[in-house]
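Form predicted alone, single chain, as structure tokens, below.
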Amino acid sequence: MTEAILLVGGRGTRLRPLTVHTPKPMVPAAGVPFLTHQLARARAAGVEHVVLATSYLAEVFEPYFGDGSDLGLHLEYVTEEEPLGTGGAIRNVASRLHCGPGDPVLVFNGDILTGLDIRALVETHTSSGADVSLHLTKVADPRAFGLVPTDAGGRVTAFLEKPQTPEEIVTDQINAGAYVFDRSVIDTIPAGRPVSVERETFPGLLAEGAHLQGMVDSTYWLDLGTPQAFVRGSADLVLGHAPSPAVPGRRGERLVLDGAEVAPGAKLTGGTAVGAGAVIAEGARVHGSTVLDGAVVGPDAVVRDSLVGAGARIGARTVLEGAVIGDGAVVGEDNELRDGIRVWCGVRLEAGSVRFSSDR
């Protein structure tokens, strides 16, 4: 298996304002665009050729990654004129694949941070003779996910929508967003229209008697669909809880990129990442947070489990806890923002004007 399709076309609406100017896979996590971690792990698993299925802000990807040679990959880019869904996006890039009908193709979503053993998934696929193999993971509360029960041999028996009652929770296994397709199966997906692999392709294949194999791998897994999850994922990468060969520097309590300024009396902990050109002033305490390029955190400010966008400014003694500050926003001194509150790009909050959380 040397080819992969990476689905990076989503609009990232749940991540706004992080995705106003930047597509979700290009938002920095642990110092580099999140997509870098996925590409580096694919390369480490033996992938050589990756086709990126792009749509929203598609023009951002190629100028950054080019032909992929810096990562030891050959990258190609295909842009959807209209959003085609997960299945439609896979079908739309099929002509760029070089492999034969019976060869395996890795497919993975662009917003999943995982420690999946990619080689093991491919081996499961080939040894079982499956048409499609799915990475499954177990979660404590599966109500927010589609369930994927399997038989004793790991063969998928059903695809169940999000359960509404306790009786409907027949398994704790969910679709984890990474697959291996036989190339011939990709070619059967309808072309030129939106298709969901989760709601149409997989249930349709199962109804036709196709062999869909599940591989449960319960190593690190996180859906980065919300700002809080994205911040946590970045911190876990810095701390070393989530694997990636692309983290720039040593794992530990902090990651400070070249060109950032951190005052001697500032304290960075919990996997905090500080981008190039950012400034962390004297007395500031930043824990488990992401401070993007060119942002400024003022004296004695407290930033916890939050994201500060590129070029944003946080005033002295301001407290952020579970907050998201958009690119270029200014939060004046002596403010308090907690519990998932989001400040839009370019917004200015005057000193002492905000002392509330999103549920007040």
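Please read all numbers here as calculations on a predicted model, not as lab measurements. Numbers follow the displayed sequence, beginning with 1.
What follows is about the form predicted together with a small molecule, which we do not show.
Chemist: Quick one: which of 270-278, 257-265, 107-115, 123-131 gets within 4.5 Å of the small molecule in the model of the complex, going by heavy atoms?
Modeler: Every other range fails; the passing one is 107-115.
Chemist: Taking the small molecule in the model of the complex as the reference, which of G214, G85, G288, G233 has a non-hydrogen atom within 4.5 Å?
Modeler: None of the others qualify; the residue that does is G85.
Chemist: Though the small molecule is not shown, can you say which of A89, V238, A176, V180 has a heavy atom within 4.5 Å of it in the model of the complex?
Modeler: Selected residue: A89.
Chemist: Give a yes/no on whether A53 approaches the small molecule to within 4.5 Å in the model of the complex, heavy atoms considered.
Modeler: Yes, A53 sits close enough to the small molecule in the model of the complex that at least one of its heavy atoms falls within 4.5 Å.
Chemist: So, E80 and the small molecule: in the model of the complex, are they within 4.5 Å at any heavy atom pair?
Modeler: Answer yes; at least one heavy atom of E80 falls within 4.5 Å of the small molecule in the model of the complex.
Chemist: Taking any heavy atom pair closer than or equal to 4.5 Å as contact, tell me whether R11 reaches the small molecule in the model of the complex.
Modeler: Yes - in the model of the complex, heavy atoms of R11 and the small molecule come within 4.5 Å of each other.
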